[in-house]
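Form predicted alone, single chain, as structure tokens, below.
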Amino acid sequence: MFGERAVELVRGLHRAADGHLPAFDEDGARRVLEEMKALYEQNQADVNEAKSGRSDLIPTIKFRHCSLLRNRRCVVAYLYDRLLRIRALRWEYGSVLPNDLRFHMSAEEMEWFNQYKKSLATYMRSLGGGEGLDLTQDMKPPKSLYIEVRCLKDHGEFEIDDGTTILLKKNSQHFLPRWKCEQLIRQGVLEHVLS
């Protein structure tokens, strides 16, 4: 039946949990586009016949056209929802995505992510009177300026504003400025130790 593949494309994305990015369904999208091409070609042939006086084809042409519009809406909804999820990933993980998330993205989505990342960086640099302002920090209002963190994996040396260098080794605990380690918490290098 017309539109089944397009609806299945949207359902597959809807089944994924919020914030989770399933693998791009290239095969499903290609099948929907092939179906749309076939519907369009059938409509073109029937329109040419209808122009020559076969008015009995008009309901079929209208039905196929509605199927085309529905498929287009489903494909656009699928792509738009994926872009919203990818945009949210930039705010959650920062400018470097984990490999498992990048694996689920198409080449075009990776290009879009990189362009979004550059646009956001340019905008953040333009704020704050020449110094820039990192909008991705303090996604939740902080209760204190310093937090206790535990290192989940070896990360190497980490320098804070006063010039102090700290070696982040697995299972080591540190008392650091919140804004300096929030990005590492999101990347999974550090975890916030709740007292």
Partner chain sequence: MSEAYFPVGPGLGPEENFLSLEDILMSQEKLPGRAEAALPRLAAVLGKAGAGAGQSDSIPEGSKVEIPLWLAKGLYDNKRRILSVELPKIYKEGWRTVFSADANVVDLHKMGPYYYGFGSQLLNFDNPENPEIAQTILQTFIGRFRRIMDDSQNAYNEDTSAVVARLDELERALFRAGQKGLNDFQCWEKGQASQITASSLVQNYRKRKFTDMDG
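Residue numbers count along the first chain shown, from 1. Basically, rigid core = biggest C-alpha set you can superpose within 1.5 Å across the two forms. Here the structure is a predicted model, which means the values were calculated and not measured.
Unshown form predicted together with the partner chain; subsequent notes refer to it.
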Exercise. Between the options C151, I147, I166, M36, which residue brings a heavy atom to within 4.5 Å of the partner chain in the predicted bound form?
Worked result: I147
For this session: Please run the contact check for E26 against the partner chain in the predicted bound form: heavy atoms, 4.5 angstroms, yes or no?
Result: no
For this session: Could you confirm whether Y40 comes within 4.5 Å of the partner chain in the predicted bound form, counting heavy atoms only?
Result: no
For this session: May I ask you to check whether Q173 falls inside a 4.5 Å heavy atom distance of the partner chain in the predicted bound form?
Result: no
Exercise. Is there any non-hydrogen atom of L84 lying within 4.5 Å of the partner chain in the predicted bound form?
Worked result: yes
Seminar exercise, completed: Taking the partner chain in the predicted bound form and a 4.5 Å non-hydrogen atom cutoff, the residues of 44 to 68 making contact are D46, E49, R54, D56, L57, I58, P59, T60, K62, F63, R64, C66, S67
For this session: Determine whether the C-alpha of R186 shifts by 2 Å or more between this form and the one not shown once the rigid core is superposed.
Result: yes
